[in-house]
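Below you'll find only one chain, the form predicted alone, shown as structure tokens.
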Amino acid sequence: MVISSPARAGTAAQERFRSEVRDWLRQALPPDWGPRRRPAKRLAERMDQGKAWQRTVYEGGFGGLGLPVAYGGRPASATERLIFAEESARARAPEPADIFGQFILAPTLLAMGTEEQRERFLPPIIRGEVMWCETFSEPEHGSDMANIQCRAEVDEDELVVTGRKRWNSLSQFADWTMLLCRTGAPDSRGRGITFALVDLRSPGIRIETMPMLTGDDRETEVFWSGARVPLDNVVGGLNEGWRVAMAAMTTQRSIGTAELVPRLAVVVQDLVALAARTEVDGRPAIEDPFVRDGIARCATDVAALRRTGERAMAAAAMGRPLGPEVSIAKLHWSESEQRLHKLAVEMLGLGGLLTRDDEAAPDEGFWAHYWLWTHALTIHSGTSEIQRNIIAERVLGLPVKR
């Protein structure tokens, strides 16, 4: 079985850009980087690799693709951004550590931040000098983000923040966070939320890691006890944070997903290679019709996701607002990831359940690790159940019981 590359011929200018990226990647990556390269086992090591790679990308002239030159970016079309993502995935380049700053905050500031905020925050993001995270969800208000209760009181020119945030990815490695806090009445829901940018080194902030099934302490709980945030760091204005948060989440679910799809395409190729060297009932798994059907489904998922991502990025480039259809992209991507890794684990049988701390684990426990991780993907950025409700109500026009 052969799964073709997601790359397609483009215009002459796009193909020149693709050649430029390929040539640079060959020079920038270590000689031992290749198809059998696996991500580092330790989360901290993966973060260090990601941070170092972001600086390398910037120094190589590819930092801030599509962002204004005035802030240190480089002009690039939506297609060129996808080309860079495709070639980076094909070369097995490290994943950038600062996914929240690059993929979410940067476009949000361009759309809704002040000029002073853009000048202050965008250049360090583009240069890979600062890592960001989100502190949105709360212990009792995960999917119901409009009901958050983390409180911020205005004291002269500052916000004073008190409360708890949970399921904050990678905040122990971050320098700054995008915070959603309540500045309106307790029952004001989306009308009383403020979106603020906070230095995580500020007094009154404590971060505790939360263990996960994968063994990575990727998620955290953040405790706020009178942390002070300058009002200059508020994006969109006091009590206008719901509008800003929805724009950020739309970007995360669409454009952010689009730039992750090429890495999923590479994992499909790895799945084919795994099926070729793994036996099921005494014959290569690649000959099993159920395995072949599963791989074909995964390849189809990737092709569909790529087209969805292209449409989303093209719409954003033309200034068209992205609507609830981005929920389709987020739902499809997270569940495709889960299907793909589940197929690999099932193909490997009992060996597929061995994790990274077991020397006998196939492929160093890669498949089991990421299959467990995909269960978080169907919760992050809005659960699959919430996405289905949005699609049913706002795309299909179905009645929704309140």
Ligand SMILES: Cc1cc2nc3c(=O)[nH]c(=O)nc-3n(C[C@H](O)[C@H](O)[C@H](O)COP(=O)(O)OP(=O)(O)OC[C@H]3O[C@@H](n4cnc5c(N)ncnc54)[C@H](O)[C@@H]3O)c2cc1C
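Note that the structure is a prediction, hence the values are computed from the model and not measured. Start at 1 and count along the sequence shown; that's the residue number.
In what follows, reference is made to the form predicted in complex with the named molecule, a form of this protein that is not presented.
- In the predicted complex, at least one heavy atom of W373 sits within 4.5 Å of the named molecule.
- With a 4.5 Å cutoff on heavy atoms, H141 counts as touching the named molecule in the predicted complex.
- Of the heavy atoms in E80, none are within 4.5 Å of the named molecule in the predicted complex.
- Remark: Q14 does not count among the residues lining the named molecule in the predicted complex, judged by a heavy atom distance of 4.5 Å or less.
- Here the chain stands alone, but in the predicted complex its contact with the named molecule, taken as any heavy atom within 4.5 Å, falls in 373-381 among 342-350, 55-63, 358-366, 373-381.
- The partner is absent here; in the predicted complex, the one residue of E87, E134, E259, D301 having a heavy atom within 4.5 Å of the named molecule is E134.
- Between the options T108, N168, T250, Q102, the residue in contact with the named molecule in the predicted complex by a heavy atom within 4.5 angstroms is N168.
- Contact with the named molecule in the predicted complex holds for all three of E219, I386 and N389, each having a heavy atom within 4.5 Å.
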